[in-house]
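For reference, the chain that follows is the form predicted alone, supplied as structure tokens.
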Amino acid sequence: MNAELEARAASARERMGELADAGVEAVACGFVDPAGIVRTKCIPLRRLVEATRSGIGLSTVFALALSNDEFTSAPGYVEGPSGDLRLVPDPGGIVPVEPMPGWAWAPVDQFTQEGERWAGCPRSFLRRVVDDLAARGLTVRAAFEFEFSFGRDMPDGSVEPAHRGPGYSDIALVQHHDLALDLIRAFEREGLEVQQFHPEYTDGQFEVSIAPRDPIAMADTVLVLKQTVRAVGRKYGWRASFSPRTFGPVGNGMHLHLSLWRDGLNEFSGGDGPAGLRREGEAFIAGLHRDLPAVVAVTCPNTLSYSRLQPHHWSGAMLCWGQENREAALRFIQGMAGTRSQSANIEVKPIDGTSNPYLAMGAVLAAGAAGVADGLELPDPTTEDPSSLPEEERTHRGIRQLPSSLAEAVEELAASSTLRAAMGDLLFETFLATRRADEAQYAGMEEEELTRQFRWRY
């Protein structure tokens, strides 16, 4: 057994007593497939140490999973059911799921049977990107805003949302104050550190923001939070959906907030660059700006994602950046005067809950890191609604709409040398194959039917 697995086994032994004292009897070991669906294999708590040593078996074909539970192929990489991986829980990331008594959630890395990290593992990809930044003396703090909807199927075939607004209203909150409090209480007991919670804009929709943490821990948090939301909703007779379109014209996003740090200083504040950016902070955002058309194939990987990724949906459909511009794909947030050295961050808006959080976070950070390596500079910021500008003006300023379909985004991804280099050929090619196959499955389907297809799959 290699040193990493030995260390995990030792950590698992240390946590066994703590988890047992918390009432944990079983551990759900979670991974996310290329279509963004969270999959699990479960073990009794007594098997935790053994699982960290030898893993839990999983077919390599899950690297080719589609959103409808079918599989595709990636010739030369993964082509069929032959081959086995080992899911190895990370004991440091195990969290008891508060609304599911007796259960804990564990993030996993995918290893080969030889005990080495598998090249197609999304969590290991994110770790490589984080480690590469650390080797340059840079660290990242990351946080997601989670939008989700509650609803239920009715006997007549219709779907009832949990509330009908108004958006952000006390009416919607009072209607579900007990559910909201149960969610906040659960998140806090799980250590997720809620920043804010509110009913959102469209029918049945809510939003919660979680405190920043390191990128791997933040991606792990996505899995814990989704499980918690589903479990609390079930208690009240509601189904939860993180689909990009659930009810009404406004969909669910999962906006990502990032700040870049060197030697304890926020590279997004205190500099002499645009909006107070330091040099590396500007280059990081510029790299993301350059590669964003390819990145959206990873952050918005579902056919239905592009129904939401449209102008005037606050989804960041236009390739530009701007200070507090909610129609820009990259919204720069300085924060309140006196707090900017800590709070300044960039919000990446074109991302939704159908994404694999490890792949999405990794792709975003890889693009930013490439910008730092290349010493890029940002174009001028956009203060207007970018889609309202005359076409000639947009062209002159380099503003354009991001891909408006999965097919278009996939071709941008296929041409991206930045993401291929960061992901490695196996992960890049298998992911690309699944996105092409998923797009072909649903080509030509009407938006209403797509909404129905994906409402309860995410």
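The structure presented is a predicted model; accordingly, all values stated were derived computationally and were not measured. Start at 1 and count along the sequence shown; that's the residue number.
The form predicted in complex with a small molecule exists for this protein as well; it is not shown, and the discussion that follows is about that form.
Engineer: Counting only non-hydrogen atoms, which stretch in 277-285, 355-363, 84-92, 200-208 is within 4.5 Å of the small molecule in the predicted complex?
Structural biologist: Going by heavy atoms within 4.5 Å, the stretch is 200-208.
Engineer: Consider the chain as shown here, without its partner, and state which of Asn252, Thr221, Thr303, Thr299 has a heavy atom within 4.5 Å of the small molecule in the predicted complex.
Structural biologist: The option sitting close enough to the partner is Asn252.
Engineer: Counting any non-hydrogen atom inside 4.5 Å, which residue from Asn345, Thr228, Ser315, Ser149 sits next to the small molecule in the predicted complex?
Structural biologist: Selected residue: Ser315.
Engineer: With the partner left out here, check for me: in the predicted complex, does some heavy atom of Lys349 sit within 4.5 Å of the small molecule?
Structural biologist: Contact check for Lys349: yes, within 4.5 Å of the small molecule in the predicted complex.
Engineer: I'd like to know if Arg141 sits close to the small molecule in the predicted complex, meaning any non-hydrogen atom pair within 4.5 angstroms.
Structural biologist: Arg141: no, not in contact with the small molecule in the predicted complex.
Engineer: Is Arg308 close to the small molecule in the predicted complex, meaning a heavy atom pair under 4.5 Å apart or at it?
Structural biologist: Yes - in the predicted complex, heavy atoms of Arg308 and the small molecule come within 4.5 Å of each other.
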